[in-house]
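Here you get one chain, nothing else, as structure tokens; it is the form predicted on its own.
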């Protein structure tokens, strides 16, 4: 295949994903990480994980470890991170506070930012007044023109203050976005943003600009919800005299009703999809398809390695992508069928092991599957083989295979009878069993011919007798081919179940 990469970018691309440790990993983080990973590795560049943990109110213990685990599970391992290190660290924002403070004070010294002493009570009243007047809530610049003497005095007295950036008046701010082209903003509707809080922690706006510059990020990609903040970042790059990375604002993931994907209307936790049994190849494929189609093959099913051969930002579709769980389930089934039984069994073991420890809904089912595998892995694989083509998500396995593992089936009388009398069904089942036991050649042809002959001898419809047999051996209306099921169970267990069904009918 012809190499259509931009040779100027090879080895120079540096991308980053920067999640906040606030709970379970979000599918949006996986979406963003996939795009950053693929683009960086397409150009033999560097993919970075940075932890944005400066929002201490939302910080959740152990969430950072969960982020590492999520990327490892998806095989989106970063080249630099708090875990693996790197020459541009530290990679946790909470460990970079002195750096942010230094640059914030630099802006103050240069007249591009200022100290603000306004109390939370004053700011709240100001917002309420603006809302009452139907004005957009913006800081009224009350502290913007304080004298240096007053600022020094108030700071020396221990008064708490934040640092705000100065937004110029009457300026057109142009944001260059690789997906959207030029996006223009009027500075008069851009707020004097807080960039350093009174506790010494930066806001996102200062931290992202400083970190992306110092870590030499070449392509700054984030969700389109941050586009409205982009003019502040453009100004900060101008204020510092730094070259700005290329900006890409990816479209927001949406529910089928086109509302923003959120916990209130769906499942946003990556762990939910892992617990349900969506395999990582399918999940990554699905996330890519939300915004990108393979430009060469046009195939919907592709690996991330195949994506790396062709992916460019400009190819992305910026129309709000719909997170369609039906499409994801279809894609997951397709990926399951692409796998060999051996590879699928590895995925099932991984799923059952993980869910049995940390699962919220499927923990008991996962433990059951683990016990089946440990008891007789060969039997489990034979049973799995018959379900391989029907399986859509791994968490269906406990239900689909449970009839193989019960000591005594629970029968539905109507399913067994098929609108016949109980004594007639009991008699014909006994005769089928006797004839099958006498077969010298146990093949699909001889087995099926025997049952059909028995149906004819008893003046039964073939379909009815096969359904009675299916119910007797599985207690289900729908299963894999019955002959194959009996082969997995073995003759002894199959005939025992026929006897059980006869006893059930006689009693």
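Residue numbers count along the first chain shown, from 1. Predicted, not measured: the structure shown is a model, and the values here were computed from it.
Beyond what is shown, the protein has a form predicted together with a small molecule; the following relates to that form.
If you check the small molecule in the predicted complex, you find no heavy atom from any of 92, 203 and 210 within 4.5 Å. Here the chain stands alone, but in the predicted complex its contact with the small molecule, taken as any heavy atom within 4.5 Å, falls in 216 to 224 among 397 to 405, 81 to 89, 123 to 131, 216 to 224. The partner is absent here, but in the predicted complex a heavy atom of 18, alone among 498, 486, 18, 13, sits within 4.5 Å of the small molecule. For the residues 448, 464, 64, 52, the 4.5 Å heavy atom test against the small molecule in the predicted complex is passed only by 52.
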